[in-house]
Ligand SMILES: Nc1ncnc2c1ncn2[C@@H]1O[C@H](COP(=O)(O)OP(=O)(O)OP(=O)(O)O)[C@@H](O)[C@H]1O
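First comes one chain, alone, set out as structure tokens in the form predicted alone.
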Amino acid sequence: MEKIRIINLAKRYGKVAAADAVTFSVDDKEFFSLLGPSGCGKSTVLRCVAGLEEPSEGEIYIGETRVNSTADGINVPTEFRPIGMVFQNYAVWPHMTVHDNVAYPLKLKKLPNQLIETKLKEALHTVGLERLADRYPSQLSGGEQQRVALARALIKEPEVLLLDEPLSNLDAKLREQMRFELKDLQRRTGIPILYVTHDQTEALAMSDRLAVMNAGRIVQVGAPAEIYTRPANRFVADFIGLMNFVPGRILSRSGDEATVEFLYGRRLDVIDRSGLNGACVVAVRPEDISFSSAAAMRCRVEVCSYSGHLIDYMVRADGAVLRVQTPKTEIHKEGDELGLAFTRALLFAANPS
């Protein structure tokens, strides 16, 4: 069942289109991310779903309720939409305790105190803040403040959660920890999440599906593994993970296999269904290149970077600079002359329109 459905959403500021013809849906119990660079329109879309921005065109459904329709003049105010929202800065009240911050949405509704306390206890337990109920935000860590904001969103028992880059203010280690906590929270509560981020690692690690946006449009929707291994175009390939790009030329085709020439006469057979012919761009992930003493292509290690779980190399081969990543046990020194082998590549148009 679709819990959020967006149809041909557009948002314009004068002549500038922040979002254009955006269409996607979020299923029940799904963690769905909008991913893209700054200014691509992802937060604009989220704010339209929340009712904080009014679309220029299109329709938005939350559950079976149509909360926006420019054609029919429908724009349900934020406070009447069945949503919980967590912002980048958490927006917790500094003069209120954790208890009062989380209870605030229910007090606005003037619910009975006993019911508020029951729901408050459940919300604090869900995010693991039972013992911190009497503390003020200034006495909490960044991760704990984020949990306060989450509990405040959950206590309303929303149909969907909208999260706008909620981890961006945390340090790297805490951000990684909170990725797992957020995903675990979503699995336990079953509440579908629409998550906005520019961090590809977050989106890949947490999402059931994600949509990659660029210049106000969605360019690909799919599961993380699908988008990483089968990017729809060069922008997605470049934005998601690391990628080496070198010019090439398709020499021949046989079924779904193309023989491509690149790097001064080197040939590689590539599984490719694009139908491209002639000049192309060959794209290779760093983990799909390996060092091999038997390989005819030679390279020189120019930079070696130890990253704990892997070793990241910058090498020069036939005038091209390439990134190569190997397991941490495979160690080479800067200046070493080695052979290079390619295990997988993607092909894109040389001059995309």
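The first residue of the shown sequence is 1; numbering continues from there. Predicted model, so just to flag it, every value in this text is computed and none were measured.
From this point on, the text means the form predicted together with the ligand, which you will not see here.
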property: In the predicted complex, N68 touching the ligand (heavy atom, 4.5 Å); result: no
property: 4.5 Å heavy atom contact, D272 to the ligand in the predicted complex; result: no
property: Any non-hydrogen atom of D100 within 4.5 angstroms of the ligand in the predicted complex; result: no
property: Distance check, G41 to the ligand in the predicted complex, heavy atom within 4.5 Å; result: yes
property: Option from 59 to 67, 297 to 305, 319 to 327, 42 to 50 whose residues, in the predicted complex, bring a heavy atom within 4.5 Å of the ligand; result: 42 to 50
property: Candidate from E144, E165, E181, D208 lying within 4.5 Å of the ligand in the predicted complex - any heavy atom; result: E165
property: Contacts with the ligand in the predicted complex, stretch 4 to 20 (heavy atom within 4.5 Å); result: Y13, V16, A18
